[in-house]
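Just one chain follows, in the form predicted alone, and it is written as structure tokens.
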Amino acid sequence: MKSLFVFIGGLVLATLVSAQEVAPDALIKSVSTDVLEIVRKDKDIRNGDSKKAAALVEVKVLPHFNFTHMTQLAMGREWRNASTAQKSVLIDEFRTLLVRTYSKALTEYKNQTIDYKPFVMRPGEAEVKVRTEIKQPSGGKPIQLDYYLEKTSSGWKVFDIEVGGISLVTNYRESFASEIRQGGIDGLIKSLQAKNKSGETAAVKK
């Protein structure tokens, strides 16, 4: 279920037309309503159509993520040691891994609802945190879901998500560092390629 909350974190920023004219919290709230309604009505996706889910993710979610920044943060100090070619491959593989995660989570949607927390943004602020909470239809324990967005020339972009207080980027930084210690940057690339080939999805540790 963790992957579901991470997916919703990306999903609520989909179908954006004019991000620069809308406050981040208002953007998340308005767009999430529209996109989650699509999910509720699509029986194929809810029944496990992974290809259709992936297509939806590609069109609606990915344009609103800054994968270069996310990969750079996940790599930490090792980013500067990667060649231009290696950076390009890492970004592509990281992107593919998250597509798989979001696609899987999309098929697991079970009418969760989103509670939006108070939001304050100072004038001229270029990086913000938008806090939300996912409520379970069964009355289970709510899950804290926070978004980190940055203002770019093409609008607000997500560069990290926290699920239950755990950063997606920090979570990957630990696993990436471990892979690099064992096999270098090429070893990390091979590991990501193997995960993507096998269909393994990303996950946030508890």
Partner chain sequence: MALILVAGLLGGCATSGNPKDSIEGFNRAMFAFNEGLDKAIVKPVATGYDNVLSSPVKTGVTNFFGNIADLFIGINNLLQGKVAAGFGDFGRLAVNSTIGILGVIDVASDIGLEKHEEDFGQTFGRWGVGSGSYVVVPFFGSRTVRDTAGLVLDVAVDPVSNHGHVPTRNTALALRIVSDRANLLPADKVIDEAALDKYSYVRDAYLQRRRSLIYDGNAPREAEPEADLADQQPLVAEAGSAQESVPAQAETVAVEPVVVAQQHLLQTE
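Residue numbers count along the first chain shown, from 1. None of the values given here were measured: they were computed from a predicted structure.
Keep in mind that the form predicted in complex with its partner chain is not shown, yet the notes after this line are about it.
In the model of the complex, K51 stays away from its partner chain, with no heavy atom inside 4.5 Å. Looking at L192, you'd find a heavy atom of it within 4.5 angstroms of its partner chain in the model of the complex.
Remark: R40 does not count among the residues lining its partner chain in the model of the complex, judged by a heavy atom distance of 4.5 Å or less. D115 falls outside the set of residues with a heavy atom inside 4.5 Å of its partner chain in the model of the complex.
For the partner-free chain shown, N66, T68, H69, Q72, L73, G76, R77, W79, R80 of 66-82 come within 4.5 angstroms of its partner chain in the model of the complex, judged by any non-hydrogen atom.
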